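First, one chain by itself in structure tokens, the form predicted on its own.
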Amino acid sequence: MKRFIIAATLMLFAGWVHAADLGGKVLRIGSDTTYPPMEMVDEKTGEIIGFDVDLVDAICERINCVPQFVTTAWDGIFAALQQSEFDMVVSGVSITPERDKQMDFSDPYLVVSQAIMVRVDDEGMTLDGMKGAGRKLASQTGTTNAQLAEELVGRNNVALFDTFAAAVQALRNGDVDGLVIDGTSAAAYEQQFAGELVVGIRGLNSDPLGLVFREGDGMVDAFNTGLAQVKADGTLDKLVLKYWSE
């Protein structure tokens, strides 16, 4: 009996490894690369870099695939996936019930809380103050951040932009009073515009982030296996420290 159990265990392990081996497949990955530090373009080299890039690189090392990130606009990114322009989307995507009805997600790899960035002169602004004073908020079209902005101040007081970079510029210009954004990226913009912008309100809604696939895609299991490995061996924790050590 013991010999049977050992043999069965080895067969199960072999099957698990095979299921998680994508055979060196090259994956075309759509990403809105205007969202530091999740994904961005290195101005010096032109390469796409960031937390999501490092994470997928680490997973692909374990499940034998070759990621090729491709810059694309956020608006239409999921439609492009459905039309097979990409093999998957990796772009700091929040897992929501609505999206999950149309696409498949990996297991969550990060949970982020939303925040409101303001100009330094408004650093003491409270959430009630933001709601009551008829303030105008900005965010990116089609994001859970935009949904939260509308819940807070109403659609008429929300300005939506194609990219967060454009929304940040609107805040700097004084066109809006605050920017609803994931806290992970708010920290990056706070550092980039130190002395000008600050994360004024933290700890709003929390979103789990996932890797996105077409519905029924068999790669989901392989990526979940690889993701479990980078979680277990400490790689994911090291990446979090690399990008959010302060």
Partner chain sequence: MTDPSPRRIGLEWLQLRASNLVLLASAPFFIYLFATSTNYSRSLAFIVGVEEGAAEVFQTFLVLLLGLLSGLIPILLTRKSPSWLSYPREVSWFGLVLHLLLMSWLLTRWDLAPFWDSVIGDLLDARSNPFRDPKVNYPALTPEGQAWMQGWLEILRWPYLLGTTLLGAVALTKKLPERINRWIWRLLLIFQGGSLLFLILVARLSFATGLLLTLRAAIFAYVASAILGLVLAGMLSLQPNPNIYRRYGVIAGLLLGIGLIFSQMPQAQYVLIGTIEGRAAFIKDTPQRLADTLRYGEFDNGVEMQIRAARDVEQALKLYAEDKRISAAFIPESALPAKAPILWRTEFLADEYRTPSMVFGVFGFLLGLLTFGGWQHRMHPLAVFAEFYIDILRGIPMLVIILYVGLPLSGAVKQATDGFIDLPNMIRGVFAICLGYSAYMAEIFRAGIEAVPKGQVEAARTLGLDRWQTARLVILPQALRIVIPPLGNEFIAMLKDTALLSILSVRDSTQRMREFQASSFLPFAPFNTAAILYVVLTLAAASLLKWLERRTTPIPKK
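Keep in mind that what you see is a predicted model, and the values were worked out from it rather than measured. Numbering follows the first chain given and starts at 1.
Just so you know, the form predicted together with the partner chain exists too; it's not on screen, but the next bit is about it.
Student: So, in the predicted complex, is Thr141 in contact with the partner chain at a 4.5 angstroms heavy atom limit?
Tutor: Residue-level check for Thr141: yes, a contact with the partner chain.
Student: Do Asp75 and the partner chain share at least one heavy atom pair within 4.5 Å in the predicted complex?
Tutor: Result yes; Asp75 sits at the interface with the partner chain in the predicted complex.
Student: Please run the contact check for Asp128 against the partner chain in the predicted complex: heavy atoms, 4.5 angstroms, yes or no?
Tutor: Flag for Asp128 set to no.
Student: Is the gap between Ala194 and the partner chain in the predicted complex 4.5 Å or less for some heavy atom pair?
Tutor: Ala194: contacts the partner chain in the predicted complex.
Student: The partner chain is absent from this chain, but in the predicted complex, do Arg28, Glu85 and Asp104 each have a non-hydrogen atom within 4.5 Å of it?
Tutor: Not a single residue of the candidate spot has a heavy atom within 4.5 Å of the partner chain in the predicted complex.
Student: Name the single residue among Ala115, Leu81, Val112, Val153 that comes within 4.5 Å of the partner chain in the predicted complex, judging by heavy atoms.
Tutor: That would be Val153.
Student: Go through 164-190 residue by residue and record those having a heavy atom within 4.5 Å of the partner chain in the predicted complex; state none if no residue qualifies.
Tutor: Heavy-atom contacts to the partner chain in the predicted complex: Ala166, Gln169, Ala170, Asn173, Gly174, Asp175, Asp177, Glu190.
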